[in-house]
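The chain below stands alone, shown as structure tokens; this is the form predicted alone.
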């Protein structure tokens, strides 16, 4: 059994798709398939059910994925301990991204981390906020950006910034959105965030005093897919103001001039790892990246 096979196993389980796993691991889909097949043969256990739209862990796979995480985390801990003894950080730092890289100051973060620790490798995992927080708790991530609230007591939170969330609609809805009341908004087709998305509570708050509920036309599992549907002309959705303004100037969308919402951007990590040199370096780089844009 090789470590790269375990990394492939964990990555496929994480993204649920061979193509996306290959992209994340910078290899080919046939190579990913070969890794999984070899691991299944060695363990004599079927790890995944092959579905038309992806890969799903079997019951045995669900049990073994936790062990795989443990082995990989232990390996990384070994590298971190060795680098601490030598005075130089090495190994892989795993960071969760809940939105686009530019908003998260990823370029600055990368430069600061690599300048401080050139031997450190950076692994990025994209996802929605609540899922990324659970990945930290499971030990799959060293830290993650997230929007909204954190209810996991094992995690420590650092507030980085606040962003404004506005209601925007497809270009074809410009006339209906102009001077629209909340009751008028409810009659328009809405792109709904999934229940675990922090945007959901804003939608609920917007219509809480009205018996009429919004007309649902689609739901989206991520900010990226919601924005793509919005720009393609599907309907009305919540969107970050910093993204909405340039698109509105280009005439791609229309921003409703009514109520807006404030959404906090935070960074989380495991409390018990607060003294971990790797986590300390990560926190320092994240905080400095956001402080630099406030100066």
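Positions refer to the first chain, counted from 1. Between two forms, the rigid core is the largest collection of C-alphas that superpose within 1.5 Å. Values in this document were obtained by computation on a predicted structure and should not be read as measured data.
Beyond what is shown, the protein has a form predicted together with the DNA; the following relates to that form.
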Among 259, 67, 37, 60, which has at least one heavy atom within 4.5 Å of the DNA in the predicted complex? 37
State the residue from 31, 255, 252, 234 whose non-hydrogen atoms include one within 4.5 Å of the DNA in the predicted complex. 31
At 4.5 Å between heavy atoms, only one of the stretches 235-243, 222-230, 23-31, 261-269 reaches the DNA in the predicted complex; which one is it? 23-31
Contact flag, residue 18 vs the DNA in the predicted complex, heavy atom cut 4.5 Å: yes
Just checking whether residue 47 would be counted as a contact of the DNA in the predicted complex - the rule being heavy atoms within 4.5 angstroms. no
Output the sequence-ordered list of residues from 50-68 with at least one heavy atom within 4.5 Å of the DNA in the predicted complex. 50, 52, 53, 54, 55
Per-residue C-alpha change between the shown form and the other one, residue 277, threshold 2 Å, rigid core fit: no
Do you see a C-alpha shift of 2 Å or more at residue 249 between the shown form and the other one, with the core held fixed? no
Once you line up the core, how about residue 230: does its CA shift reach 2 Å between the shown form and the other one? no
